[in-house]
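This document opens with one chain alone, in C-alpha cells, the form predicted alone.
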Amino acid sequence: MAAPIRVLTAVPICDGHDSAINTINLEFIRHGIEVVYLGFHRYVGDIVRAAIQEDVAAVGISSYNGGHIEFFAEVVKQLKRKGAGDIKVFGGGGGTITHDDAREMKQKGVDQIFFAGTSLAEMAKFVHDRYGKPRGKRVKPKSADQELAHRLTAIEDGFQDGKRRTSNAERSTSKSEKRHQTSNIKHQTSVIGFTGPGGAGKTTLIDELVLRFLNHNSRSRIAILSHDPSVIGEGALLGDRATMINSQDDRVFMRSMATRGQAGGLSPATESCLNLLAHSGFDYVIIETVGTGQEALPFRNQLVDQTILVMNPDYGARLQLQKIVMLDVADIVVVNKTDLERAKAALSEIEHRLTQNKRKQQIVATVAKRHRDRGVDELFELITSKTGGKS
C-alpha cells in the first residue's frame, strides 16, 4: 500500500477558534489522511518547526482573526528559507478571508484557500489530488533536523504489511547515515518508554519532564517519538503536539507516528526509527505509546532503557490491578492526577500490588498539569539518577 498522506494543521497566534479545524481534521482522517494537529494560538516558528520535523506534505491553516495575508505568507517564506519549500501551504477562514485576499495570498505562494460553503469532501479530495503523489527526489536538507526527518520518513514509508522494504531514497542515504552513526557512537543516549491508558496524562507529564531536561543542561537535546492509533487504509489524528508547550523548543525534535494497523501501542517502524534517533546525538529519546489496555507489553527486546507506566487513580476496583501486566515490568509507576479524591487509596493499593513482584520498582505521585509539581521533580530525579545524571 502507498504511504498515507501526512499533513499538519494549525490555528495562528491570537486565534482560539478550533471547532472548524477539528471538523476538517476528522474529515481528512476518514479519507485516509494522517493529520498532525498542532493546536491553536501557534506562532509561525512553531508551525514551521513542526512541519519540518514531521516532514509533512502540506500545512493547513485555519484563520478567523484576521492578519491572514501576512501570517500565511510568513509561513511560506520561512519554509522556503529553511529549505522546505516542497511543503505546501493551504487553508481557509470562513468569511474572514475575501476573494481579493486569496488572490494576493496565492501570489505570495499559498497553494489554495477554501471559502465558506466549500464541502468537506471537496477539501479532502483536493488534499488527495494535490499532495497524494510521490514527492520524487528530495532537496538536499539544510539542517540536521530536516535530514533526520527525511530519513525517518524513508524508514516509515518502507514498511508495508508490517515488513520493511528499503526504498531507493533510503538506500541513497544509507552510507551517510552510517557515517553519522559512527560519529555519534560515543554519545550515550538514554531511551525512556512511557505507556499507560488513554487519559492518564502521559503527554502532559512528558512535556513537564522536557522542561526540566532543558533547564538542567543548556546543551542537552531531546527527541520524542509519539504514537497515536490508526488502522491500515485509514488515517489518524496525531494530536500530541497540540498539548505540548515546553517541547516547542529548537532543542527538542518530535516525531508523531501512526500505528498503521499494528496492535500493542507502537508502529511497525518504531524500532527502526528509534535506532536512527538513538544514533543521532540526542541525550534522551522518549517514546510514548498509544493509550494501552491490560494486555499491552509494547517495549520488548530491550527497546528502552527505562519503562514508565502512567496511571490515574480511577482504574476501578482493586481486582483490576491484578490484570495490568505492565505493573509487573515497569521500572517506575507514576500515579498521575493525584489531586483527585481517590488518589490516596489508589497509591496504597498500587504500592501493595508492586510488593508482590519482589523486584525494585519505584512509585511516584504526580499532578503533571500543576506547574512546578514536586512529584514531577521527583520523577525527573529518578530518571536522571538511573542514567548517571547525564542531562
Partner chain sequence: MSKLGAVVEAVEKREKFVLEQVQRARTDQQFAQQVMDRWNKIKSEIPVSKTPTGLPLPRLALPELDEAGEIARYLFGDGLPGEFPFLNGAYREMYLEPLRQAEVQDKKSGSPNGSNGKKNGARPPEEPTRLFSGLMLAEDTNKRFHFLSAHQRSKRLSTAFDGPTLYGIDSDADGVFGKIGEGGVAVDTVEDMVRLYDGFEIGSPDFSASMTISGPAPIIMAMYIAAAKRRFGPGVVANLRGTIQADIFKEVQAQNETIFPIEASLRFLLDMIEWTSQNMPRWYPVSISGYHIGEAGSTPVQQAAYTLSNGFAYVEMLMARGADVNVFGPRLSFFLDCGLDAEYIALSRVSRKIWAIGMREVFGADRRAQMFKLHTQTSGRSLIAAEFKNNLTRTAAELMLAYMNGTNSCHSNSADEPFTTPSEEWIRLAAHGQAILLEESGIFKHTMNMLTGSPGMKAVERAVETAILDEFREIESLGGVMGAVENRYQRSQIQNAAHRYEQQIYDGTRPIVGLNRYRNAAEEMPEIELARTSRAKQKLQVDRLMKFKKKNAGKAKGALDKLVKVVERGENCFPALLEAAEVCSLGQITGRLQEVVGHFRPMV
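Numbering follows the first chain given and starts at 1. Remember, it's a predicted structure, so these values are computed and weren't measured experimentally.
What comes next is about the form predicted together with its partner chain, which is not displayed.
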Should residue 207 be classed as touching its partner chain in the predicted complex when contacts are defined as heavy atoms within 4.5 Å? yes
Taking its partner chain as it sits in the predicted complex, is residue 98 in contact with it (heavy atom to heavy atom, 4.5 Å or less)? yes
Is residue 373 near its partner chain? Define near as a heavy atom within 4.5 Å, in the predicted complex. no
Contact flag, residue 32 vs its partner chain in the predicted complex, heavy atom cut 4.5 Å: no
Check all three, 86, 112 and 130, heavy atom within 4.5 Å of its partner chain in the predicted complex: no
So which of 349, 27, 46, 328 reaches within 4.5 angstroms of its partner chain in the predicted complex, heavy atom to heavy atom? 27
Identify which of 139, 317, 116, 263 has a heavy atom within 4.5 Å of its partner chain in the predicted complex; exactly one of them does. 116
Among 199-207, 265-273, 221-229, 149-157, which stretch has residues whose heavy atoms lie within 4.5 Å of its partner chain in the predicted complex? 199-207
Which residues within 13-30 place at least one heavy atom within 4.5 Å of its partner chain in the predicted complex? 13, 14, 15, 16, 18, 19, 22, 23, 26, 27, 30
